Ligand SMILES: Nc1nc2c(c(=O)[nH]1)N[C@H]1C(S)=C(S)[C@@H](COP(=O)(O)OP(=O)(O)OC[C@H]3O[C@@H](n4cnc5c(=O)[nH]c(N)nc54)[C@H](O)[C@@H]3O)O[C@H]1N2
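First, one chain by itself: the form predicted on its own, in structure tokens.
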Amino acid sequence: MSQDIVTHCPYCALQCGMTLRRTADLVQVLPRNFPTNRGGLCQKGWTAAELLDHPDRLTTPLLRDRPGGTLRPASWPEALDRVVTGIRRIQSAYGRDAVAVFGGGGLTNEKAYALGKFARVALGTRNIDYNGRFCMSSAAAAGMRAFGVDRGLPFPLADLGTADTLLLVGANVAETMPPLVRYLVEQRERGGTLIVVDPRATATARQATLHLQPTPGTDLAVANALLHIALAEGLVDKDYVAARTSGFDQVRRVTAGYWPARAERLSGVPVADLEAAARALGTADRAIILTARGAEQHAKGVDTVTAFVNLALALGLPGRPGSGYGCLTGQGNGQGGREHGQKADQLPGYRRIDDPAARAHVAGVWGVDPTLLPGPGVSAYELLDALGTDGGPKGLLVFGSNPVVSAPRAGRVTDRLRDLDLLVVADFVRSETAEIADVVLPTAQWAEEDGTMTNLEGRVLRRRALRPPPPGVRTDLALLADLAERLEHVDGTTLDRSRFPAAPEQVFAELRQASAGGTADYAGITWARIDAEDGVFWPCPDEAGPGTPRLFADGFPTPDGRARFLPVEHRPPAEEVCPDYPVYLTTGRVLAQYQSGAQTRRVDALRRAAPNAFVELHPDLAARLGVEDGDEVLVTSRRGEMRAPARLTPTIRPDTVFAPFHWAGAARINSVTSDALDPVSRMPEFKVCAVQVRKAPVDERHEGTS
């Protein structure tokens, strides 16, 4: 006897549809014909069920009795008492902001919403942010200031296959979102032009009609040059610019300084390639520009994305059928996770926490006095870097994240986590962050709880439970309800458990109320509608009205209804190469692993496919360093060191090395990466820093490739 449910993959923001089949012996993944993936799955999706009954699965709380001691099994009452006692002690001594919360872009909408509410109502702390700050916060900020809204793709994914010209900037979808490649194949078979901007000749770039291979950190100069060429060759849509935008004249003046020869000197991209790209975009009936982490994870990420938005607006793409600008969201619920309260400056519905009207609306839904809600907190890295310091948080609750591996300057962040009086981690495996926690709380996995996710298109989807969690394991919603029941409300009264429901559908109903009237309005979305319509696109303010698959057809949600051009100038990365650190480092993902690797490194098939980290070098650079393929190399920056085998390839620039960020220990590349922050989004500069590369001494022991 078998049981089937239709659900979605637990990994990236494609949220591919799948069917889970449960028999007496196992859980099997079957393909499903859903609009985003049309039956396709990547290697991670096919093996997703293997973690459900993995030997590393946590099924009981763990406690550390003393600093430096080992984690031991404990009962739930003992674990929750330890957490609540620690929170009360810290807040009594240092104030409510002394306890912080760090969330994740993989949490369901319901959990993201409940976590933000818990932080502000049960803890009364302003200190909450999440790992999505490391994902697409730069594109989100650029979208908000240009369009008045942040939705990764303001059009359905299928539009990619119909584009005459498609420009991908810093996106290696062949490895990060393999089922999306079918749209690139469709586009190519229709005779379309694919342009990829990337310092590496990735699997995606190798499929391109034209590959622009800039020096890391120079994408903004490339974008301004493309707009310069479009202006010079009369490719700008003057009618669109006049009718639907503002601020173009100032952008025109700035881009006048980015003539192709100068842009070639800045970026290394040949003039002929810049001209070919501009013409392919400017002469297409349907053109789409997409940015991803390669353009965004910089200390000027917002300005870089803005430069490509300027290009899209000048060509009249946003809101035009079959055309537009979009961002490829990375994490599974990177879109929904930032819409409903995990970000330091936001309330549900993508409302600003410092907006009095927003505070009044959400406080009314929560049944609290709006004056008691805390104000904005600091961004993810700033929060992590302040942990345990004078004036910084002394306690941290982590849900759905592994900052020991994923944060920039990770050695420093790890030290900060160790300095805490209380570190609590809720997870289903012993991640590297859980290993140093004082309390570890076992939580349910994706196939053991109901909820909703919002994919990269802004399509709200249903995730369904195939089975209950194992004995001894609780859902995150139940855990938050348990903790809230033991804590006092921000006004000093006792919290009734009903204020923090553990039933996902009940939480979603409250989320709908809280988001009503906001930028990300879910008020008209119900679970029944999602089931009937293959998901519902927000904004959807009315149950009787449709969702919004395509934005901007009739205008932009700005005060004057116009999109805004903003002038931006290229500037070098925060850290340039020099004699001591003469090589650029850039980082990214590989096909068989995901994010910090805490899940995928435990799946046998994925571990076999990508067993360890590596450092990718051009053969010319390797020859200068005396390095052969497979030799272990040390990559050193001003912040730390990483060690892994060399992988020689001509697909990378000779002045650049690449390493994936999925591994811990000695192979942790985020020991090396820069903590320079974008001034607007507070995105760290993961994608470029200056390093020294040398062959590792053979007598040094190599650890940390697990």
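Worth saying up front: this structure is predicted, and the values here are computed from it rather than measured. Note that residue numbering begins at 1 and tracks the sequence as displayed.
From this point on, the text means the form predicted in complex with the named molecule, which you will not see here.
Not one of R151, D303 and G458 is positioned with any heavy atom within 4.5 Å of the named molecule in the model of the complex. The chain is drawn here without the named molecule; in the model of the complex, the stretch among 281-289, 372-380, 505-513, 597-605 whose residues come within 4.5 Å of it by any heavy atom is 597-605.
For D219, a non-hydrogen atom is located within 4.5 Å of the named molecule in the model of the complex, even though that partner is not displayed.
Contact check for Q297: a heavy atom falls within 4.5 Å of the named molecule in the model of the complex. Under a 4.5 angstroms non-hydrogen atom cutoff, the named molecule in the model of the complex has C12 among its neighbouring residues. The named molecule in the model of the complex is approached by G330, whose closest heavy atom lies within 4.5 angstroms of it.
Put simply, of S406, S267, T165, T255 only one has a heavy atom within 4.5 Å of the named molecule in the model of the complex, and it is S406. Out of the listed residues V627, I90, V590, A208, V590 is the one that sits within 4.5 Å of the named molecule in the model of the complex by at least one heavy atom. For the stretch 400-437, the set of residues having any non-hydrogen atom within 4.5 angstroms of the named molecule in the model of the complex comprises G400, S401, N402, P403, S406, A426, D427, F428, V429, S431, in sequence order.
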